[in-house]
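Same protein, same chain, two forms; see structure 1 and structure 2 below, as C-alpha coordinates.
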Structure 1
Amino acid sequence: MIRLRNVTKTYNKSFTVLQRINLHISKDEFVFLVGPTGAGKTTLIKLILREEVPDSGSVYIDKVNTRDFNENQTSKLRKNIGVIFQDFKVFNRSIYENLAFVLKIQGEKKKIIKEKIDTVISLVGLEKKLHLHPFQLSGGEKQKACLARAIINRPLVLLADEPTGNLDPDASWEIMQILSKINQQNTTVVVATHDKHIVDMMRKRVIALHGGNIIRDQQLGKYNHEP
(Lines of atoms letter the chains of each structure in order from A and count residues from 1; the text may use other names and numbers.)
(Lines give C-alpha, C1' and ligand atoms only; values in the text may rest on other atoms or scores of the structure.)
Protein backbone atom coordinates (compact mmCIF):
# COMPACT_ATOMS: atom_id res chain seq x y z
CA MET A 1 0.00 0.00 0.00
CA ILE A 2 2.71 2.42 1.03
CA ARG A 3 6.20 2.14 -0.35
CA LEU A 4 9.11 4.52 0.10
CA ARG A 5 12.14 4.15 -2.14
CA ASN A 6 15.36 5.89 -1.20
CA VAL A 7 13.47 8.81 0.20
CA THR A 8 15.57 11.75 1.35
CA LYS A 9 13.98 14.85 2.87
CA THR A 10 15.91 17.99 3.68
CA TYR A 11 14.52 21.18 5.21
CA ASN A 12 15.94 24.57 4.34
CA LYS A 13 18.39 22.83 2.00
CA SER A 14 20.66 22.01 4.93
CA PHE A 15 18.87 20.04 7.59
CA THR A 16 18.40 16.43 6.50
CA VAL A 17 15.58 14.75 8.39
CA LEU A 18 15.23 11.51 6.46
CA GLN A 19 18.05 9.86 4.55
CA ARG A 20 17.52 7.25 1.85
CA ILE A 21 14.60 5.66 3.62
CA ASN A 22 13.25 2.40 2.20
CA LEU A 23 10.01 1.13 3.58
CA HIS A 24 7.08 -1.02 2.60
CA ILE A 25 3.78 -1.21 4.42
CA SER A 26 1.20 -3.56 2.98
CA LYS A 27 -2.52 -3.12 2.86
CA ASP A 28 -3.54 -4.99 5.98
CA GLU A 29 -0.80 -3.73 8.27
CA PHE A 30 -0.88 -1.83 11.55
CA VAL A 31 2.43 -0.07 12.03
CA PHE A 32 3.89 1.95 14.88
CA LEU A 33 6.38 4.66 14.04
CA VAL A 34 8.63 5.48 16.98
CA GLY A 35 11.69 7.60 17.53
CA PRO A 36 12.92 10.46 19.67
CA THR A 37 11.52 13.93 19.21
CA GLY A 38 12.62 15.45 15.92
CA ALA A 39 13.37 12.01 14.42
CA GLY A 40 11.14 12.69 11.43
CA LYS A 41 7.93 10.79 12.20
CA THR A 42 5.70 13.70 11.29
CA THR A 43 7.83 14.38 8.24
CA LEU A 44 7.31 10.81 7.09
CA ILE A 45 3.57 11.16 7.50
CA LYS A 46 3.65 14.42 5.56
CA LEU A 47 5.46 12.65 2.74
CA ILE A 48 2.79 9.97 2.57
CA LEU A 49 0.08 12.64 2.51
CA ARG A 50 2.09 14.51 -0.13
CA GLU A 51 2.05 17.58 2.09
CA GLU A 52 5.80 17.46 1.51
CA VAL A 53 7.62 15.96 -1.47
CA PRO A 54 10.94 14.13 -1.09
CA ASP A 55 14.12 15.80 -2.31
CA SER A 56 15.06 12.50 -3.90
CA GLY A 57 13.49 9.08 -4.03
CA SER A 58 9.84 8.24 -4.46
CA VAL A 59 6.73 7.60 -2.42
CA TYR A 60 4.28 5.08 -3.85
CA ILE A 61 0.73 4.85 -2.60
CA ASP A 62 -1.15 1.85 -3.95
CA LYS A 63 1.71 1.35 -6.45
CA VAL A 64 1.38 4.87 -7.83
CA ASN A 65 4.33 7.23 -7.59
CA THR A 66 3.03 10.43 -6.01
CA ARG A 67 6.00 12.51 -7.11
CA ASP A 68 4.41 13.97 -10.20
CA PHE A 69 0.87 14.24 -8.88
CA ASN A 70 -0.95 17.29 -10.00
CA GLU A 71 -3.29 19.17 -7.76
CA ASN A 72 -6.32 17.00 -8.57
CA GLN A 73 -4.52 13.73 -8.03
CA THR A 74 -3.25 15.02 -4.70
CA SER A 75 -6.79 15.88 -3.61
CA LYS A 76 -7.99 12.46 -4.62
CA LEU A 77 -5.15 10.84 -2.70
CA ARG A 78 -5.98 12.82 0.41
CA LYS A 79 -9.65 11.94 0.22
CA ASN A 80 -8.54 8.34 0.64
CA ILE A 81 -6.24 9.02 3.56
CA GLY A 82 -7.55 9.80 7.03
CA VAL A 83 -5.17 11.78 9.19
CA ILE A 84 -4.98 12.66 12.85
CA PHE A 85 -2.58 15.58 12.82
CA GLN A 86 -0.26 16.09 15.74
CA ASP A 87 -1.43 19.68 16.02
CA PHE A 88 -5.06 18.73 15.26
CA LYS A 89 -5.67 21.14 12.39
CA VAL A 90 -9.37 21.59 12.96
CA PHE A 91 -11.51 24.39 11.62
CA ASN A 92 -12.70 27.02 14.03
CA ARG A 93 -16.21 25.66 13.57
CA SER A 94 -18.34 23.23 15.50
CA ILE A 95 -17.22 19.61 15.56
CA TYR A 96 -20.25 18.81 13.45
CA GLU A 97 -19.13 21.24 10.74
CA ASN A 98 -15.60 19.88 10.91
CA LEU A 99 -16.81 16.36 10.31
CA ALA A 100 -19.36 17.40 7.70
CA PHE A 101 -16.78 19.23 5.63
CA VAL A 102 -14.87 16.03 4.87
CA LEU A 103 -18.04 14.43 3.59
CA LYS A 104 -19.28 17.48 1.77
CA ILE A 105 -16.21 17.69 -0.42
CA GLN A 106 -17.01 14.15 -1.48
CA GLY A 107 -20.43 15.35 -2.56
CA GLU A 108 -22.35 13.32 0.04
CA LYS A 109 -26.02 13.99 0.65
CA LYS A 110 -27.13 15.82 3.80
CA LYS A 111 -28.93 12.79 5.16
CA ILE A 112 -25.96 10.49 4.75
CA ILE A 113 -23.67 13.11 6.26
CA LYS A 114 -25.83 13.24 9.34
CA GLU A 115 -25.96 9.48 9.65
CA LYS A 116 -22.23 9.03 9.29
CA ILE A 117 -21.50 11.76 11.83
CA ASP A 118 -23.89 10.20 14.32
CA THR A 119 -22.19 6.84 13.99
CA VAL A 120 -18.64 8.06 14.29
CA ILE A 121 -19.32 10.54 17.11
CA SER A 122 -20.81 7.89 19.34
CA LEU A 123 -17.86 5.66 18.54
CA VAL A 124 -15.49 8.22 20.09
CA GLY A 125 -17.99 9.23 22.76
CA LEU A 126 -18.34 12.90 21.96
CA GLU A 127 -22.12 13.01 21.44
CA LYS A 128 -22.54 15.80 23.95
CA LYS A 129 -19.80 17.93 22.41
CA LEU A 130 -20.95 17.70 18.80
CA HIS A 131 -21.96 21.31 18.52
CA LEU A 132 -19.13 22.84 20.51
CA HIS A 133 -16.26 24.65 18.86
CA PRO A 134 -12.70 23.32 19.19
CA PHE A 135 -11.71 25.99 21.73
CA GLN A 136 -14.47 24.72 23.98
CA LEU A 137 -13.08 21.19 24.06
CA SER A 138 -10.43 19.69 26.30
CA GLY A 139 -7.19 18.47 24.72
CA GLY A 140 -8.29 14.87 24.81
CA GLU A 141 -11.70 15.66 23.38
CA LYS A 142 -10.11 17.50 20.50
CA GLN A 143 -7.95 14.49 19.83
CA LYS A 144 -10.98 12.24 19.77
CA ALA A 145 -12.73 14.62 17.39
CA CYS A 146 -9.73 14.36 15.08
CA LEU A 147 -9.96 10.58 15.18
CA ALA A 148 -13.61 10.87 14.24
CA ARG A 149 -12.75 13.10 11.29
CA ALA A 150 -9.99 10.75 10.16
CA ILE A 151 -12.16 7.65 10.06
CA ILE A 152 -15.51 9.07 9.01
CA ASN A 153 -14.74 8.36 5.40
CA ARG A 154 -13.53 4.77 5.82
CA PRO A 155 -10.19 5.70 4.30
CA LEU A 156 -7.79 3.26 2.66
CA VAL A 157 -4.97 4.55 4.84
CA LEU A 158 -5.13 6.01 8.34
CA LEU A 159 -2.23 8.12 9.52
CA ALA A 160 -2.29 8.93 13.24
CA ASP A 161 0.37 11.32 14.48
CA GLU A 162 0.62 11.09 18.25
CA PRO A 163 -3.10 10.32 18.61
CA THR A 164 -3.00 9.72 22.37
CA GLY A 165 -0.71 12.52 23.56
CA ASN A 166 -3.57 14.23 25.35
CA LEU A 167 -5.44 11.14 26.52
CA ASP A 168 -5.40 9.23 29.74
CA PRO A 169 -4.24 5.58 29.59
CA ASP A 170 -7.78 4.17 29.50
CA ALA A 171 -8.93 6.51 26.76
CA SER A 172 -5.72 5.81 24.86
CA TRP A 173 -6.37 2.14 25.04
CA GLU A 174 -9.92 2.61 23.76
CA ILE A 175 -8.63 4.62 20.84
CA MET A 176 -6.16 1.90 20.02
CA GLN A 177 -8.98 -0.63 19.99
CA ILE A 178 -10.84 1.55 17.53
CA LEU A 179 -7.78 1.82 15.30
CA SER A 180 -7.31 -1.93 15.54
CA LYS A 181 -10.87 -2.56 14.47
CA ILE A 182 -10.53 -0.21 11.54
CA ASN A 183 -7.35 -1.99 10.55
CA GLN A 184 -9.26 -5.25 10.50
CA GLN A 185 -11.76 -3.63 8.16
CA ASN A 186 -9.03 -3.25 5.56
CA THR A 187 -7.50 0.09 6.38
CA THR A 188 -3.75 0.42 6.56
CA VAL A 189 -2.92 2.11 9.87
CA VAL A 190 0.27 4.02 10.64
CA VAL A 191 0.61 5.40 14.17
CA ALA A 192 3.45 7.70 15.18
CA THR A 193 3.66 7.65 18.96
CA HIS A 194 5.75 8.06 22.06
CA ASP A 195 3.46 5.95 24.18
CA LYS A 196 5.74 3.11 25.25
CA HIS A 197 2.99 1.37 27.18
CA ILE A 198 0.67 1.13 24.22
CA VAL A 199 3.31 0.03 21.76
CA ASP A 200 4.44 -2.68 24.14
CA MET A 201 0.89 -3.88 24.71
CA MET A 202 -0.23 -3.91 21.10
CA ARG A 203 2.54 -6.10 19.76
CA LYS A 204 2.40 -4.79 16.22
CA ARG A 205 5.06 -3.96 13.68
CA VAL A 206 7.32 -1.21 15.04
CA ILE A 207 9.49 0.99 12.84
CA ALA A 208 12.06 3.03 14.75
CA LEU A 209 13.55 6.19 13.25
CA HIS A 210 16.75 7.73 14.49
CA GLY A 211 19.19 10.16 13.01
CA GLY A 212 17.43 10.11 9.65
CA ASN A 213 17.50 6.32 9.31
CA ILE A 214 15.28 3.37 10.09
CA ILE A 215 17.27 1.76 12.84
CA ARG A 216 14.85 -1.06 13.51
CA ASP A 217 11.83 -2.62 11.82
CA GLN A 218 10.29 -5.43 13.84
CA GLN A 219 7.12 -7.47 13.66
CA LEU A 220 5.47 -7.83 17.10
CA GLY A 221 7.93 -5.17 18.27
CA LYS A 222 8.32 -3.21 21.47
CA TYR A 223 8.86 0.48 22.05
CA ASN A 224 12.55 1.04 22.18
CA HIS A 225 14.11 3.90 20.36
CA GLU A 226 17.66 3.36 21.50
CA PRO A 227 19.94 2.60 18.56
Structure 2
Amino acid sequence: MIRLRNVTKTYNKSFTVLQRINLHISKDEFVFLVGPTGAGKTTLIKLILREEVPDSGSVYIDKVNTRDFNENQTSKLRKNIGVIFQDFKVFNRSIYENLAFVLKIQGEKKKIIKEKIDTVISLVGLEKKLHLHPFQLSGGEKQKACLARAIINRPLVLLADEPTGNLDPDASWEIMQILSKINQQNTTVVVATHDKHIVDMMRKRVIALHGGNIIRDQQLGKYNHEP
Protein backbone atom coordinates (compact mmCIF):
# COMPACT_ATOMS: atom_id res chain seq x y z
CA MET A 1 0.00 0.00 0.00
CA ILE A 2 2.65 2.54 1.10
CA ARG A 3 6.29 2.02 0.25
CA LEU A 4 9.30 4.31 0.63
CA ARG A 5 12.52 3.31 -1.12
CA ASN A 6 15.80 5.00 -0.17
CA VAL A 7 13.99 8.25 0.61
CA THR A 8 16.05 11.24 1.65
CA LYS A 9 14.58 14.66 2.44
CA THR A 10 16.72 17.71 3.19
CA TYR A 11 15.67 21.28 4.00
CA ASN A 12 17.77 24.35 3.19
CA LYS A 13 20.35 22.06 1.57
CA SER A 14 21.88 21.32 4.96
CA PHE A 15 19.31 19.88 7.38
CA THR A 16 18.60 16.24 6.54
CA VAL A 17 15.23 15.29 8.06
CA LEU A 18 15.04 11.78 6.62
CA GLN A 19 17.97 9.77 5.35
CA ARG A 20 17.66 6.77 3.00
CA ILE A 21 14.40 5.59 4.55
CA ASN A 22 13.05 2.19 3.48
CA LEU A 23 9.57 1.38 4.71
CA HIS A 24 6.58 -0.73 3.69
CA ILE A 25 3.11 -0.36 5.23
CA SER A 26 0.64 -2.98 4.04
CA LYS A 27 -3.01 -2.48 3.20
CA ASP A 28 -5.25 -2.28 6.29
CA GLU A 29 -2.33 -1.91 8.73
CA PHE A 30 -2.46 0.37 11.77
CA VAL A 31 0.94 1.98 12.39
CA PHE A 32 2.28 4.40 14.98
CA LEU A 33 5.17 6.72 14.10
CA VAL A 34 7.01 7.70 17.29
CA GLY A 35 10.13 9.64 18.16
CA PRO A 36 11.29 12.99 19.52
CA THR A 37 10.38 16.35 18.01
CA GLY A 38 12.36 16.78 14.79
CA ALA A 39 12.75 13.05 14.20
CA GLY A 40 10.96 13.28 10.83
CA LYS A 41 7.45 12.01 11.64
CA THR A 42 5.56 14.96 10.13
CA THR A 43 7.85 15.05 7.10
CA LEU A 44 7.14 11.36 6.50
CA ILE A 45 3.40 12.06 6.58
CA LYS A 46 3.84 14.98 4.16
CA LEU A 47 5.76 12.73 1.77
CA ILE A 48 2.95 10.16 1.78
CA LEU A 49 0.42 12.94 1.12
CA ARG A 50 2.78 14.45 -1.47
CA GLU A 51 2.87 17.82 0.24
CA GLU A 52 6.60 17.24 0.02
CA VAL A 53 8.66 15.29 -2.52
CA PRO A 54 11.89 13.46 -1.68
CA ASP A 55 15.26 14.81 -2.75
CA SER A 56 16.13 11.25 -3.67
CA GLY A 57 14.34 7.93 -3.57
CA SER A 58 10.69 7.15 -4.32
CA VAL A 59 7.33 7.09 -2.56
CA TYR A 60 4.78 4.54 -3.79
CA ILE A 61 1.08 4.57 -2.94
CA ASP A 62 -0.77 1.47 -4.05
CA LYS A 63 2.24 0.53 -6.24
CA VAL A 64 2.24 3.92 -8.04
CA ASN A 65 5.34 6.13 -7.82
CA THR A 66 4.12 9.60 -6.79
CA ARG A 67 7.44 11.37 -7.24
CA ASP A 68 6.70 12.84 -10.69
CA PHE A 69 2.95 13.40 -10.28
CA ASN A 70 1.44 16.49 -11.89
CA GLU A 71 -1.20 18.63 -10.16
CA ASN A 72 -4.12 16.56 -11.45
CA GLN A 73 -2.54 13.26 -10.39
CA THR A 74 -1.76 14.70 -6.94
CA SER A 75 -5.37 15.85 -6.56
CA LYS A 76 -6.64 12.34 -7.38
CA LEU A 77 -4.18 10.82 -4.92
CA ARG A 78 -5.39 13.03 -2.09
CA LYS A 79 -9.01 12.00 -2.65
CA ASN A 80 -7.94 8.56 -1.42
CA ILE A 81 -6.07 9.91 1.62
CA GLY A 82 -7.78 11.37 4.68
CA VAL A 83 -5.78 13.64 7.00
CA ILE A 84 -6.32 14.92 10.54
CA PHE A 85 -4.13 17.22 12.63
CA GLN A 86 -4.01 18.20 16.29
CA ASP A 87 -5.23 21.78 15.69
CA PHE A 88 -8.81 21.03 14.56
CA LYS A 89 -8.80 22.31 10.97
CA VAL A 90 -12.55 22.92 10.55
CA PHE A 91 -14.45 25.81 8.98
CA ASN A 92 -16.59 28.14 11.10
CA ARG A 93 -19.75 26.38 9.97
CA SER A 94 -21.91 23.65 11.47
CA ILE A 95 -20.55 20.13 11.42
CA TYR A 96 -23.12 19.24 8.76
CA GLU A 97 -22.01 22.16 6.59
CA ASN A 98 -18.34 21.23 7.06
CA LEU A 99 -19.05 17.71 5.81
CA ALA A 100 -21.46 18.73 3.05
CA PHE A 101 -18.98 21.27 1.68
CA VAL A 102 -16.46 18.53 0.89
CA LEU A 103 -19.08 16.54 -1.00
CA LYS A 104 -20.69 19.47 -2.81
CA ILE A 105 -17.45 20.52 -4.46
CA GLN A 106 -17.18 16.94 -5.75
CA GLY A 107 -20.62 17.26 -7.34
CA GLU A 108 -22.44 14.77 -5.10
CA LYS A 109 -26.24 14.85 -5.07
CA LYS A 110 -28.17 15.83 -1.93
CA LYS A 111 -29.34 12.29 -1.23
CA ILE A 112 -25.81 10.89 -1.41
CA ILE A 113 -24.50 13.76 0.73
CA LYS A 114 -27.03 12.98 3.46
CA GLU A 115 -26.31 9.23 3.34
CA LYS A 116 -22.55 9.73 3.61
CA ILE A 117 -22.88 12.24 6.44
CA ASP A 118 -25.26 9.98 8.37
CA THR A 119 -22.76 7.12 8.07
CA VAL A 120 -19.67 9.00 9.29
CA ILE A 121 -21.51 10.92 12.01
CA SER A 122 -22.77 7.64 13.44
CA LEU A 123 -19.24 6.22 13.37
CA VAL A 124 -17.73 9.15 15.32
CA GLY A 125 -20.72 9.50 17.66
CA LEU A 126 -21.77 13.08 16.92
CA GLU A 127 -25.40 12.51 15.90
CA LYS A 128 -26.69 15.03 18.46
CA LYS A 129 -24.07 17.66 17.55
CA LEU A 130 -24.59 17.71 13.80
CA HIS A 131 -25.91 21.28 13.58
CA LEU A 132 -23.57 22.86 16.12
CA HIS A 133 -20.64 25.12 15.20
CA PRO A 134 -17.00 24.50 16.25
CA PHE A 135 -17.12 27.07 19.08
CA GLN A 136 -19.96 25.05 20.65
CA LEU A 137 -17.91 21.83 20.75
CA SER A 138 -15.35 20.42 23.15
CA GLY A 139 -11.84 19.64 21.91
CA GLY A 140 -12.69 15.96 21.57
CA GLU A 141 -15.86 16.75 19.62
CA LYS A 142 -13.94 19.05 17.26
CA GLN A 143 -11.46 16.28 16.59
CA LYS A 144 -14.32 13.85 15.94
CA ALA A 145 -15.71 16.34 13.41
CA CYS A 146 -12.27 16.49 11.74
CA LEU A 147 -12.21 12.70 11.67
CA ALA A 148 -15.65 12.57 10.08
CA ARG A 149 -14.54 14.97 7.35
CA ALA A 150 -11.33 13.02 6.73
CA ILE A 151 -13.21 9.75 6.15
CA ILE A 152 -16.31 11.09 4.37
CA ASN A 153 -15.09 9.57 1.09
CA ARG A 154 -13.92 6.27 2.61
CA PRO A 155 -10.20 6.87 1.90
CA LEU A 156 -7.76 4.03 1.38
CA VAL A 157 -5.34 5.72 3.80
CA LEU A 158 -5.89 7.87 6.89
CA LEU A 159 -2.95 9.96 8.15
CA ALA A 160 -3.13 11.47 11.63
CA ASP A 161 -0.46 13.90 12.84
CA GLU A 162 -0.61 14.21 16.66
CA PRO A 163 -4.43 13.76 16.66
CA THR A 164 -4.61 13.66 20.47
CA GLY A 165 -2.03 16.37 21.18
CA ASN A 166 -4.59 18.89 22.49
CA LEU A 167 -6.94 16.43 24.21
CA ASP A 168 -7.39 15.06 27.70
CA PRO A 169 -6.79 11.31 28.29
CA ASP A 170 -10.45 10.28 28.01
CA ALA A 171 -11.01 12.20 24.76
CA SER A 172 -7.71 10.87 23.40
CA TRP A 173 -8.77 7.30 24.05
CA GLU A 174 -12.13 7.90 22.33
CA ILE A 175 -10.36 9.21 19.23
CA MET A 176 -8.04 6.21 19.11
CA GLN A 177 -10.96 3.80 19.45
CA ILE A 178 -12.62 5.49 16.47
CA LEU A 179 -9.39 5.24 14.49
CA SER A 180 -9.31 1.54 15.32
CA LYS A 181 -12.86 1.12 13.99
CA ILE A 182 -11.91 2.97 10.80
CA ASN A 183 -8.93 0.65 10.39
CA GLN A 184 -11.23 -2.36 10.73
CA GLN A 185 -13.23 -1.02 7.78
CA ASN A 186 -10.28 -1.56 5.41
CA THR A 187 -8.53 1.78 5.79
CA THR A 188 -4.78 1.89 6.38
CA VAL A 189 -4.11 4.14 9.40
CA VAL A 190 -0.81 5.91 10.13
CA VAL A 191 -0.59 7.93 13.36
CA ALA A 192 2.33 10.17 14.36
CA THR A 193 2.23 10.68 18.12
CA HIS A 194 4.06 11.49 21.35
CA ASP A 195 1.31 9.86 23.40
CA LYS A 196 3.15 7.04 25.17
CA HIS A 197 0.08 5.83 27.07
CA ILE A 198 -1.99 5.40 23.90
CA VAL A 199 0.78 3.56 22.04
CA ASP A 200 1.44 1.24 24.97
CA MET A 201 -2.26 0.47 25.40
CA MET A 202 -3.03 -0.28 21.75
CA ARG A 203 -0.01 -2.48 20.93
CA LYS A 204 0.03 -1.88 17.18
CA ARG A 205 3.02 -1.78 14.86
CA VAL A 206 5.44 0.90 16.09
CA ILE A 207 7.99 2.61 13.84
CA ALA A 208 10.46 4.69 15.85
CA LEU A 209 12.37 7.52 14.17
CA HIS A 210 15.45 9.29 15.47
CA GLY A 211 17.81 11.63 13.66
CA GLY A 212 16.12 10.97 10.32
CA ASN A 213 16.50 7.20 10.56
CA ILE A 214 14.21 4.30 11.45
CA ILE A 215 15.75 2.88 14.60
CA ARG A 216 13.00 0.37 15.41
CA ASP A 217 10.12 -1.33 13.57
CA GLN A 218 8.17 -3.55 15.93
CA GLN A 219 4.89 -5.45 15.70
CA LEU A 220 2.76 -5.28 18.87
CA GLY A 221 5.13 -2.56 19.94
CA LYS A 222 5.34 -0.07 22.78
CA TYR A 223 6.44 3.56 22.74
CA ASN A 224 9.85 2.74 24.21
CA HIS A 225 11.91 -0.27 23.32
CA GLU A 226 11.66 -3.33 25.51
CA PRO A 227 14.13 -6.18 24.86
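All residue numbers here follow the sequence of structure 1, with the first residue given the number 1. Heads up, when I say rigid core I mean the largest set of C-alphas that superpose within 1.5 Å between the two forms. Here the structure is a predicted model, which means the values were calculated and not measured.
One of the two isolated chains is the form predicted together with another copy of the chain, namely structure 1. Annotation: Cα of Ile81 displaced by less than 2 Å between structures 1 and 2, core superposition. Here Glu127 counts as shifted, since its C-alpha moves by at least 2 Å between structures 1 and 2 after the core is aligned. Core-superposed comparison between structures 1 and 2: the CA of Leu156 stays below a 2 Å shift.
Superposing the two forms on their core, we find that the Cα atom of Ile113 is displaced by 2.7 Å between structures 1 and 2.
A C-alpha shift of 5.8 Å is found for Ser138 between structures 1 and 2, based on superposition of the rigid core.
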